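Next comes just one chain, in structure tokens: the form predicted on its own.
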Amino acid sequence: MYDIIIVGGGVIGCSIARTLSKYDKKIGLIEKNYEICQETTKANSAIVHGGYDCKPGSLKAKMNVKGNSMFPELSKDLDFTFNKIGSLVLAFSEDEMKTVEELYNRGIENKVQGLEIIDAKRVKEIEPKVSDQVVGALYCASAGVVDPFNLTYAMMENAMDNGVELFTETELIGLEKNHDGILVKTNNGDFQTKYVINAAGLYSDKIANMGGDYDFNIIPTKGVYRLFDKKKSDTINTVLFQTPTERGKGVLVTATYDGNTMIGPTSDKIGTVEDTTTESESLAIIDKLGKLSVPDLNPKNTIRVFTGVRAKPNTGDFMIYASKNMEGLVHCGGIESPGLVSAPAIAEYVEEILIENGMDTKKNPNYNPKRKGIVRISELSTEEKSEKIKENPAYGKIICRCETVSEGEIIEAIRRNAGAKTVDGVKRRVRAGMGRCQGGFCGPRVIEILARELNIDPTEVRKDLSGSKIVERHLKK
């Protein structure tokens, strides 16, 4: 018997798990994939938006602005990377400056902090690589970038430290109301619970349907990105948006949490949530639009292209509410951008809904809101490195040369709560394989370490999702 079952191991589900773990409750989180953070959360722009773009009065606006204000303290408590580098909405004509003024007024109405309209000279001071054609911009000092992977892992690790249970490869197949609450039916057995939180992302409308609610539909929308090597010629300082026009929002050019530059995304409606193909035509579009903002971007410096799919709702707003037809079921549907920055605020909003619907608030006496991240050997001083290696020699064995990642970091990434079980899971946690060679050098060693730590054969090690085995067979025993 559980008090709460959370469906979905993306940033929303994991944020909710962490927030609710402060209560004396038996809580489980079910995730259909092999690990958490394997769908929309792993492939997005990683922007902590200011909140000026959201429609005033919308749930998006409320969650965005509140979430933004939570990140400085949250990143300290949970020890993940958050860089408050600000953002610019660039205008290249006087007509576009009128749109910038509209965004400024909308931001003021939304109570966004750190907003100002600036001229071309100030734009170039903030970001020298911006096109000389720029006329002015909207500057938002409260915006930034975050490590979306370790934000999510930190939330789940902390939740598990506080007693939340994680069930991976556990897919919801049905909900049934009974006298004890809700029977959660999965491919790995059933869970009896008082409350169910639907944080299923791209599948949130399907889960809502299981509870008899048909208030929204998900329109899967994919976006293509290009990630650049850490070369000075491509490095920028902030987040660059283009002014929205009748033709669309353009694309962003952004610094990432670890110093790369990234451009994207496109916005293409697709027929299936599983479509993560990356087409050359889409790359050509983001290259062309990206150069409008930063003309010197060189696609030859690309180290990765990828596609993410976002859960765009047909309603235009986040759908967070208690089910109208199944008591105890709460939906978090249609969480598209700015969902990442909104995640901690959404978690508190769900908490409020549960309390309004009868959840008692007896506290977890052992609750600890803090978590320490994995030590990065590349960021230590010479003395600190020596001490760490003396403590654990595995930290002296460098596995990934591009990002200077040690065997000790990889082992810890695997052994932690909600630890890595795939090559990409290791990559997202400690950046082994995230550099210039994209795992060409360290990949075989990561497979070897995963096999050893998980006590499985190398042929069973996956790259990421189900069906992504890397080693087909042994050539010799």
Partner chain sequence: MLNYDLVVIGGGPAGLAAAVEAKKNGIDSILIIERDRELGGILNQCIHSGFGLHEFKEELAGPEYAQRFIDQVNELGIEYILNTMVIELNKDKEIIALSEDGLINIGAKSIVLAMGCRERTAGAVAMNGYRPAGVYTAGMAQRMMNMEGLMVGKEVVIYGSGDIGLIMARRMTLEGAKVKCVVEISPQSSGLNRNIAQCLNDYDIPLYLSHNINKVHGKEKIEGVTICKVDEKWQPIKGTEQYFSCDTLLLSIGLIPENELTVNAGIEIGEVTNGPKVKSNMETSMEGVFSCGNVLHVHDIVDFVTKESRVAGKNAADYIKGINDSDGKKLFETEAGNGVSYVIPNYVVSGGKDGANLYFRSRKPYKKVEVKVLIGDKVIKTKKMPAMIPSEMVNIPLSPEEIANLNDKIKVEVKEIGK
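Every value quoted in this text rests on a predicted model; they were computed, and no experiment measured them. Positions refer to the first chain, counted from 1.
The form predicted together with the partner chain exists for this protein as well; it is not shown, and the discussion that follows is about that form.
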note = Note: the partner chain not shown here; in the predicted bound form, the stretch from 68 to 76, 276 to 284, 106 to 114, 182 to 190 having heavy atoms within 4.5 Å of it is 276 to 284
ask   = Are any of the heavy atoms in R401 no more than 4.5 Å from a heavy atom of the partner chain in the predicted bound form?
value = yes
ask   = With the partner left out of view, is T235 within 4.5 angstroms of the partner chain in the predicted bound form by any non-hydrogen atom?
value = no
inquiry  = Test of understanding: in the predicted bound form, would Q438 fall inside 4.5 Å of the partner chain by heavy atoms?
reply    = yes
query = Can any non-hydrogen atom of P56 be found within 4.5 angstroms of the partner chain in the predicted bound form?
reply = no
request  = Taking 4.5 Å between heavy atoms as the contact cutoff, choose which of S323, T221, T170, T307 touches the partner chain in the predicted bound form.
outcome  = T307
query = Ok, P295, P393, P369, G212: which has a heavy atom sitting within 4.5 Å of the partner chain in the predicted bound form?
reply = P393
ask   = Thinking of V89, K124 and P128 as the candidate spot, does the partner chain come within 4.5 Å of a heavy atom on all of them in the predicted bound form?
value = no
query = Of 444 to 458, which residues get within 4.5 Å of the partner chain in the predicted bound form if you count heavy atoms?
reply = P444, R445, I447, E448, P458
